[in-house]
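Alright, two takes on the same chain below, each alone as structure tokens: structure 1 and structure 2.
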Structure 1
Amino acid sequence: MKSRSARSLTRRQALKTGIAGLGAVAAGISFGRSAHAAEDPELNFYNWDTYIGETTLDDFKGVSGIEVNMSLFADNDELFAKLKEGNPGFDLIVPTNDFVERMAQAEMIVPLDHSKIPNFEKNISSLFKDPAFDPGRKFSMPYMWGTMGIGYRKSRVKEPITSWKTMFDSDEYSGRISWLSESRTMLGIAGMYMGHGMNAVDPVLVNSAADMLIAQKPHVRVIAEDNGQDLLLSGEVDLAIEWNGDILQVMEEDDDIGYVIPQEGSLVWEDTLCIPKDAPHPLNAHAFINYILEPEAGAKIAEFIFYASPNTAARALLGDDYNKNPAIFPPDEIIAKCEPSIYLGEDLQRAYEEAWTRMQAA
């Protein structure tokens, strides 16, 4: 079974990630000194699991002579926690949009030199050139994007799923639902269902979303640690809130599984390439970013990991089964209703976290 999904991390994989991370820390300590000399042909890349092309790292070594050491993290929180007390030696990281904002504010990532990344101007879709979370693309380059939605077992639902109501405000599928254990995301999409959007800044609204989740909780079978797709595949639940790529992965194995972005809209996210502060090999990192944004390299990654590429030139090389797949590229009118998660500052972060804890304790 080939894993194609960046976010389908099981605990086992998380354990491996931890071990790989330790290795990278050790590598970082030994190579961290040679920052300003001519760079060694090396690059320490900190990435999500199975989130790069099958041969990308070898291909890059072939054209540049630079050896890429890849370590893996399980989620943005782990990435953030690892870099919080100082960079242990990574050159390139893959944070999601709201973490780009947070890490830029905390000065954990450095501005990019656009003159070293000509492929950005050349190949990237204009939709991704000036995002709100990083105006002018000062700190980040677009890597992949995607949505969150509902994966469901077609034969076990009476009519097509269209609304978040099924997951948040209804006992129709009592005991057959799984949620995702991500406080900010879950309270955000609950807010979208209630009509106050992904990024409520009023704690009263955040708490009203938590109240709705508390009322729905008895009908929820499990709050999954990002393995909703496995629960769906094994028949443990019939509806799961998950990342689109995760559901796509199990859709390939089981025709009876579908994916929908509810009509109220959902979360849209973008993973980016950033260079952390005190990176030992920033020049190599720029070279690798530019390589990933090349059409061929980008196409190879996209067709392997099955997430949506922002690279117009790369997409031109791929067929309809990728470009016309509605679970990868939802229709424009649905995307128009989706919102990204915005970093709201530490105080609101705490409000979201406390609301979630209240839901867990209730």
Structure 2
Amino acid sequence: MKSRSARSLTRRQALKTGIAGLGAVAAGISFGRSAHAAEDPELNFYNWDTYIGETTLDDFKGVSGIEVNMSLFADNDELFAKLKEGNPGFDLIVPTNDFVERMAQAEMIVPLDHSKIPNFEKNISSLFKDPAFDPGRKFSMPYMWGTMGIGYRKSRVKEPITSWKTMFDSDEYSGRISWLSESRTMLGIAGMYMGHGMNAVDPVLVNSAADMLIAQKPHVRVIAEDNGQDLLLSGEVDLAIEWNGDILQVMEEDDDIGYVIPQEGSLVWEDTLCIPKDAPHPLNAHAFINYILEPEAGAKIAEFIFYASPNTAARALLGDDYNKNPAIFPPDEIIAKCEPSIYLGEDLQRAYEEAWTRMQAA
């Protein structure tokens, strides 16, 4: 779900992980001309910022001959707006769970041909086979999942961070915190702190969350375009609301940075792979989805971007540093306090967006 912001090139070059020597993953994959004979060998991929393995696109081209052109979006709102008036030419997109349902209802994404994605049945955990937001995986394939929490500089906090109060209802760290510029997510977790839950259906409650954010806004240094982890790493802020993988990336560079899911609970999300309506290369898109769900390809992605993979076969290739990291895979008792964002219909979606716009303008 998120910008999943890029590490620097030097950091990428320095990253030497347990599967660095796997090489291209051609084994067991067939990319005969029948797979994409009617399509040019290209794929237009609309993705979160560097939310892909370091060599994934080149590896895929090596085994398929298909050139992947990747464009970036900052959040689900931007993705939705870009496609709302028609597909400008994308073949594959990465919406989060609630936006899958929203886009399916708006007929913005098309049903998938599961016969062209055999790795879904072979490699994906049963927990991700039949989600409520997309029964039977008609429109989406699971990509990554994770949580929203607080990244913080350990040496700059007076005591352990345990509550969203620090970010939403306190002047203790005035001028030293960043929020995330994503309307539904921010109002949802504000609602969790207030006891309303992630998916309040009463516009009065939505606006009460916005009122709380407005009152706290003078203490916020920046409402970040999904680069809170970079601000934390540079020392511009000491606390940042961010996606767990983004914070894990900077924790690799600075051991003074930590990550916590507050005691009130938080957002748990799943990002997916979908083919938008009028995609010019849908066969290539199916081939790329199936490739990403290969064990080796999935493992290389997961280990590079630090998000939780739903791919059981990929996880089997990774070590304890990944599989037993509680910031990637939180304990069950923590996950039990978290909620997914649910698509509540266009009227309530508009209520959230208008409340957020009011907060931004205040």
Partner chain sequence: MESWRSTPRVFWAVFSAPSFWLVAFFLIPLSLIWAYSFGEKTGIIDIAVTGTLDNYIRAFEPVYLQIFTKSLWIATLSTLICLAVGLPVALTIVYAPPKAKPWLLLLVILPFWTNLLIRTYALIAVLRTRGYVNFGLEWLYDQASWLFQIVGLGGLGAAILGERFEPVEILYNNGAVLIGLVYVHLPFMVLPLYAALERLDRSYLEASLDLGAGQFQTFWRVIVPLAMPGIVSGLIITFIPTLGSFLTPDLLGGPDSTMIANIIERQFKSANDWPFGSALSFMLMYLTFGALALRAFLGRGRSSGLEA
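Take the two forms, find the largest set of C-alpha atoms that superpose within 1.5 Å, and that set is the rigid core. Predicted model only: the values in this text are computed from it and were never measured. Here, residue number means position along structure 1's sequence, counting from 1.
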(message) Quick check: structure 1 or structure 2 for the form predicted on its own?
(response) 2
(request) Please state how many degrees the smaller rigid part turns against the larger between structures 1 and 2. (result) 15
(request) Provide the displacement, in Å, of the CA of Gln216 between structures 1 and 2, taking the core as the superposition reference. (result) 4.0
